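Next up: the same protein chain in two forms, each one alone, written as structure tokens (structure 1, then structure 2).
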Structure 1
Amino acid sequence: MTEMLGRRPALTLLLLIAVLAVIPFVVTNPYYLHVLTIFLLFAIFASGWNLTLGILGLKTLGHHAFFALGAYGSAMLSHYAGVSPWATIWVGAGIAALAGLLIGVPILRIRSMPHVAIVTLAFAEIIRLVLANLKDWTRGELGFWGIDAMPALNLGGTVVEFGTGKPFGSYLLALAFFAGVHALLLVVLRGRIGLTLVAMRDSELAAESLAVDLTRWKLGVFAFSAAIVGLSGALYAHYIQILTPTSTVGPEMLVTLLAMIIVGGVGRFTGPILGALLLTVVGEALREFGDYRMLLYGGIVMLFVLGAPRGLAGWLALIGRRRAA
């Protein structure tokens, strides 16, 4: 369990959030705040997916489908039905969770890793094609633009605005959700369900004897994981305010997130956060040099798998242990 959470995960998380909360009052460059906002949203995405990869030990490759479902679900509902995004983001997360249940049933039954990987990838491809083909509703690859930003909030006389071009409010909103989601993840991971599932993950035999109950729990955790990713998608939609099927559920999204989790450390609580931070910042830094981002992400995934399979979080844990010893 400590391998997954690291030592004192709550304290680490709290410190991290404290540092991140100070940033917008110190850093005023809107571009930097934008990059960090993207980091926070992708960190939520990556941590949600990591729940499936790490705690369930299910190597799924289709979580970007849940991201797109959350994003398009929330964006379309607010756009066509005129519902406030403050409500639709939860609907987006709910749609993702339902889709998670739908795809979760067959893959939890098979468990064979190649089947799981391929079926989830195929599922993501179906979602991409459906979004691209339903042009009357989504405008296909032309992009679903003009998505409402999250309506402004009046916090004790200060009006906080969100969306593109409103970096301060957007950053704080992303941070609030980042904090909430990770706190919730910590509660789940340290709770009875989390402890049992992690213990079971490592001994399939024991898992067999508890099969019935366990499958239901696993399905629940899978849907929860999908919901978190869907929520990150919904927040992304109302921040960026334009979506295309390829940018939300294309291969680049898959590789970007996979790179974040692998660089950070698969199955470790802080892994996806570290990975998201590093790759978002490096990816942006490289932007001015042209189209090297995917070359870098692809290469970095290979290098980490070959050379540092435990990722940054595993590496940091190792240093910590050495120092303690």
Structure 2
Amino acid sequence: MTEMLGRRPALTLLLLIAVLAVIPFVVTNPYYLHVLTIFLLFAIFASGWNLTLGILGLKTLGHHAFFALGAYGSAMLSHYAGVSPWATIWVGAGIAALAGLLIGVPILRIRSMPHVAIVTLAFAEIIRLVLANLKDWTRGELGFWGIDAMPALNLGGTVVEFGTGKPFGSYLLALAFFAGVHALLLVVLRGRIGLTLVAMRDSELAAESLAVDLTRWKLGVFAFSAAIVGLSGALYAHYIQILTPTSTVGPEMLVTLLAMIIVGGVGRFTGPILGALLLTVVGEALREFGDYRMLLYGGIVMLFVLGAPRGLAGWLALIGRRRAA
């Protein structure tokens, strides 16, 4: 558990949130706040995916499908039905969780991890094709635009606005959800649930011998993970305010988020956060290289994987242990 959560996970998370809360009052450049907002949303996505990929040990490659379902579900309900995004983001998370349950019932009985990876990847491709072909509703690859931003809030006489062009409010909103999701994950992982997940990852036979219902636990965690990813997708939709199937459930999204988890540290609580921060900033810095961007991005990821195979979180933990010794 110490390897997964770190030595003082609650204090680490609290200090991280405190530092992030100061940033919008110090950094005034809208572009920098935009990049950091994307980092916060991707960190939620990566942490939700890491729950199954790293902590439970299920090698799924289709979680970007839940991101797209949450994004399109919330955006379309808000746009066509006129429901407030404050409500539709939870509906988007619910749609993703329901999809997780439906796809989880058949695939989580498969014991072969390569087959689980292939099936979940195929599921994501099906979602992409469906979204691309429902042009009357999603407008396909032309882009679903005109998505409502999150309604403004009046906080003590100060009106805080959200959405594209409103970096200050959007950053604080993303930070609030980032803090809430990671606090919830920490509470879950520090208790009996976390111990059960680690036991299942280390030895399913041993966990099953202790009366752990593997299928039920896997299905519940898979749906919970999908809900977190769907929530990040819904927040992303109402921040960016335009969606395309390729940008939400395409191969670039898969590679980007998977790289964040691997570089940060698979199965570690702070790993996806560190990976999301590093690769979001690096990805934005490489945009000026045009067509060579993904090539350079891949090269940087390879260097980190070779130099720090346990991820940034594992590397920092190793440095801490050496200093303590």
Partner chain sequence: MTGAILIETLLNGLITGAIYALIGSGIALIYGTTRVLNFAHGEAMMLAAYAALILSTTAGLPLWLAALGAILLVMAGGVVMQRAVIAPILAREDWSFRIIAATIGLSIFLQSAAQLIWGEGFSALPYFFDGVLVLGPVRMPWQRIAILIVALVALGLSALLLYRTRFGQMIRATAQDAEAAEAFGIPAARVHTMVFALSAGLAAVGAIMLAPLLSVNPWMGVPYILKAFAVVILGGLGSFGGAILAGFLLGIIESFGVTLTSSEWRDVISFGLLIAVIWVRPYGLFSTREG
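Every value quoted in this text rests on a predicted model; they were computed, and no experiment measured them. Counting starts at 1 with the first residue of structure 1 and goes up one by one along its sequence. Take the two forms, find the largest set of C-alpha atoms that superpose within 1.5 Å, and that set is the rigid core.
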property: Of the two forms shown alone, the one predicted alone; result: 2
property: Large Cα shift (2 Å or above) at residue 296 between the two structures, core-fitted; result: yes
